[in-house]
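Below you'll find only one chain, the form predicted on its own, shown as structure tokens.
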């Protein structure tokens, strides 16, 4: 009896399909907590406490949790604070990281590698260790309970410098040399030549940085001591008590807090996907 085995191409297709199925399963499992929070946002407290547990709410048109959330806490103010802090951090860190990345990638100067390693050494310092020194600095200059104080730790990021430096290093020097021959300044070269070529890196950095700034909890809790300076993450704690948690309001506030991050991802997804495709087809 002759046994026929699939050829190499078919085995590769089977292997890829199997990996896709595994990734889909794990992707769905990762979405389960998010799905649960979204469904819980439309449930009443008795529904949440019901046993056995029910996944679907009795009505998807029940917006009482969202109305009550804004009635009990000034979440409009919290959202404004979080957006303001995230925008300040994003603008500052992006500008500094792009300029520093360009300098380290395309400009020769003394001790360049030493300074680059010095910046990367920031990665080795846990953020929690710097909370007290930063707070003392903010107290001395009067930035406690201020937007600049809330945004201070994120005004500069070593990750951004590393990301843009590595990305710009792959851009051919001939583009820059041609622009310099035409008499363009370094700022014009950066703006008209480099930035259009690093849109995928910019999109990735904006998504990561916005999410990181938006989800900050420890530093806003320490520096924002007045309620009108609370961010969304700190405001969520208001629904948690020593003996009782308002899970329906926590879920509703959590759903609303996710929306800005989803919008940022949707708006920049095109550039991010293009960057992944380009990185996979080079060479």
Partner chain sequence: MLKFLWISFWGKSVKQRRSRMGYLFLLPSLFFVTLHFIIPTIYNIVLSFSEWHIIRPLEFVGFEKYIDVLTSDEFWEALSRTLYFTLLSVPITITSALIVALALYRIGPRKGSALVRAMYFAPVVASLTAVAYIWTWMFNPAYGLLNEILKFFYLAPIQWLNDINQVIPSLSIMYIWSRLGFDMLILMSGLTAISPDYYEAARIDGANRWHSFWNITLPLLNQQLVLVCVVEIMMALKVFELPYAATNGGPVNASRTLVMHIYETAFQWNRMDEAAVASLALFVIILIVTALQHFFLSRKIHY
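Bear in mind that the values here come from a model prediction, so they are computed numbers and not experimental data. Residue numbers count along the first chain shown, from 1.
Keep in mind that the form predicted in complex with its partner chain is not shown, yet the notes after this line are about it.
### Full three-residue contact with its partner chain in the predicted bound form, heavy atom 4.5 Å, for 82, 88 and 91
Contact check failed for every one of 82, 88 and 91.
### Query
Would residue 63 count as a contact of its partner chain in the predicted bound form, using a 4.5 angstroms cut-off between non-hydrogen atoms?
Residue 63: no contact with its partner chain in the predicted bound form.
### residue 267: touches its partner chain in the predicted bound form, heavy atom cutoff 4.5 angstroms
Although its partner chain is absent here, residue 267 would stay clear of it in the predicted bound form, with no heavy atoms inside 4.5 Å.
### Task
Flag residue 186 as yes or no: does it have a non-hydrogen atom within 4.5 angstroms of any non-hydrogen atom of its partner chain in the predicted bound form?
Residue 186: yes, in contact with its partner chain in the predicted bound form.
### Message
Please tell me whether any heavy atom belonging to residue 133 falls inside 4.5 Å of a heavy atom of its partner chain, as the geometry stands in the predicted bound form.
### Response
So residue 133 counts as contacting its partner chain.
### Neighbours of its partner chain in the predicted bound form among 118-142 [non-hydrogen atom within 4.5 angstroms]
Result: 118, 119, 122, 123, 124, 125, 126, 128, 129, 130, 131, 132, 133, 134, 135, 136, 137, 140.
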